[in-house]
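Provided below as structure tokens are two forms of one protein chain, presented individually as structure 1 and structure 2.
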Structure 1
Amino acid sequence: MPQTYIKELSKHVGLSVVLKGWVYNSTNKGKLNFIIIRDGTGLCQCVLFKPNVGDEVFQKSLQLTQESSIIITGKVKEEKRSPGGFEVEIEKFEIIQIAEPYPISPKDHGIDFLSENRHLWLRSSRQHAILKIRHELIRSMRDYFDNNGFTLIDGPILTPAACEGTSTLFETEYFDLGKAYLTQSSQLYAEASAMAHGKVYSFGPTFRAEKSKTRRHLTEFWMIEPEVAFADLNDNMDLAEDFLEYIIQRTLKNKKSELEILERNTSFLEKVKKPFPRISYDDAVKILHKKNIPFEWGNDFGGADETIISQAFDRPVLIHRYPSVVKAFYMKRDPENEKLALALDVLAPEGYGEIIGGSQREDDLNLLLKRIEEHKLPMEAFNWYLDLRKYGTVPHSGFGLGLERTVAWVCGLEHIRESSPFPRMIHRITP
């Protein structure tokens, strides 16, 4: 008989099925033994009644420890007393392995212990739900771009130089060619690709060797970066807005039960619909000043500042036209004010901070040369990038969205570490 997945049990009521999975928990009560099985698609309570299966089978079932692997044959019935509403009455079962005492019990554990056991922690229903939502977000992001004329063109992970600062790069030897660095962003490559394909996106891991230790930083995280030729700042904002609405609304619709497992209050997520508020950096500074926050014009917003700004709105807020001094060299200046860059950040609601950063890019060769000099960057590293402004330069724009921050926001996580299956942080490289 073929394996039935727990997710499909409702279609097999009254029938005999084969379940393959792991013991999630078990309780025996004299002549009754309850075994909760998980198979990756859900949980199902299975029950043995001693007089029905006989002494030998019943005794064998009492040996099953948490996370023992097992194949069960039994009949599906509706049962109100069972979590999930269905129950399998076990007729026979085959033990694949009796698991050793499992370190993660159903009681409380500290974060250090759970992180150390991340490879096992993934099995718990909360972590399972988070990674299902992560998957849905990834699928919806790719579908959005794939269905809107974008071509996927990924940048390299090993790169010859920094595109912003060098102190935050992971470094490695590269044969006879000196040092290579793990990418911080595929953006420059996305710009090159956009000049070939018009609308492109890249999606891959990025690395930051920042010694930062906060609830919203990983040293390795995934970023999705669209880049569009002939798009200005407003087009870029339109894209960010439409994109966010799509991925959030689709995830809300398709991952209801997972959000319930996480006990996520989705009221803020439901409001993620166009149009989002669009405010300038100047307006954002005014919001801080109105709340009596001492903030100096020209600085970038800190985590606490972002939270205060985002709390003034009930949906993601787009902040545009930042002081150019706090932004990257490749961002185009505002023609109406030299001190401003045509930059764009999107702050998620509920204090989840910056999930998108982007800009219209500098498309003038001479201005770009000037910026590289001002930032004291090694000119020779950017020769190929400068070519993009020599051979048919056009206005273009793009942004990057941090996947893990988005997952943390959608799932309502207190710390970004739960948003990645195997998070990499300053003080953790294992498992």
Structure 2
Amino acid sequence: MPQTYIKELSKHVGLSVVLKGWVYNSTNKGKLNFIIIRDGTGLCQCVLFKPNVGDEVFQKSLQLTQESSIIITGKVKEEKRSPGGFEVEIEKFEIIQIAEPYPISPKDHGIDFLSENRHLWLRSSRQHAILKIRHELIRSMRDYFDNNGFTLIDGPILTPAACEGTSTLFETEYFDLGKAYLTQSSQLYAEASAMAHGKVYSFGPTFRAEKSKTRRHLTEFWMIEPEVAFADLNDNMDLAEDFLEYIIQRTLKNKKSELEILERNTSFLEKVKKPFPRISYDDAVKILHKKNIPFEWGNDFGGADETIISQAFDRPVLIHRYPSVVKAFYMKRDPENEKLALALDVLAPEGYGEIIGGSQREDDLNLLLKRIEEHKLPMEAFNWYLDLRKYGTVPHSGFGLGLERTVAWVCGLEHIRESSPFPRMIHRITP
């Protein structure tokens, strides 16, 4: 008999099935042993009745510990009191392994202990729900771009130069060719790809060597980065709005049960619908000043600043036209004010901060040369990038969305570490 998954039990009521999984919990009541098992798709209560299986099998079932692996054959029936609404009356029972005492018990554990045991912590219902939501967000992101004429073209992970300087990059020796760096963004390569395909996106791991211990930072995270030829800042903001609405509303629709497990208040997520408020950097500074925050014009917003700004709105807010001094060399200047860059950030509500950063790119060769010199970047590392402005340059724009920050926001997580299956932070590289 083929294996049936718990999520499919509704199709097998009255029939015998084979379930393969792990013991989540078990309770003995005389001649009855109630075993809740999980198989990665859900939880199901399975009932072992001693007269049906005999004394030997029943006694073996009493040895089961949490996370013991088993195979069960039994008949499915509806039972509203059971997890998932179905129950299996056990007819045949096989033990694969009796697990050793499980270190993660129902009692409270400190975050350090749970992080050390991340490989086991993943099995908890909360962590399981988070990673299911992460998966749905990834699928929705890919589907959005795939269904809107974008071509997936990923950039390299090892690069000869940085997008924004090398002060926060991981450095390594690259054979006889000198230094190489773990990528902090595929953007420059996405620009080259956009000149060939028009609309592209990349999706992969990125690395930042910032010595930051905030709840919003990881040293390794995934980023999805669209780039569009013949697109200006307004087109970029339109794309960011449409993209965010799609992925959030789809995740709300498809992952209701997981959000319920997390006890997530979805009222803010339900409001993630166009149009989003759009404010200039100047307007954002005014919001801080009204709250008596001594913020100096020309600085970049910190996490606390972003939280205060986002609290003024009930949905994501787009902030545009930042001071050029705090933005990267490739960002185009505002033709109406040379001190401003045509940059874009999207802040999530509820204090989750920046989830999107992007801009219109500088398409003028001479101005780009000037910016590279101003930022004291190695010109030879950007020769290929400068070619894009020599052979068919056009206005173009793009952005990057951090997956883990988005997962943290959607799930309502206090710390970003739970949004990654195996998070990497400045003080942790295990398991």
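The structure presented is a predicted model; accordingly, all values stated were derived computationally and were not measured. All residue numbers here refer to structure 1's sequence, counted from 1. Rigid core: the largest C-alpha set superposing within 1.5 Å between the two forms.
Each structure shows the same chain on its own, and structure 1 is the form predicted in complex with the RNA. Once both forms are fitted on their core, a CA shift of 2 Å or more is seen for residue 50 between the two structures. The two forms, fitted on the rigid core, differ between the two structures by less than 2 Å at the CA of residue 392.
Relative to the superposed core, residue 29 undergoes a C-alpha shift of no less than 2 Å between the two structures.
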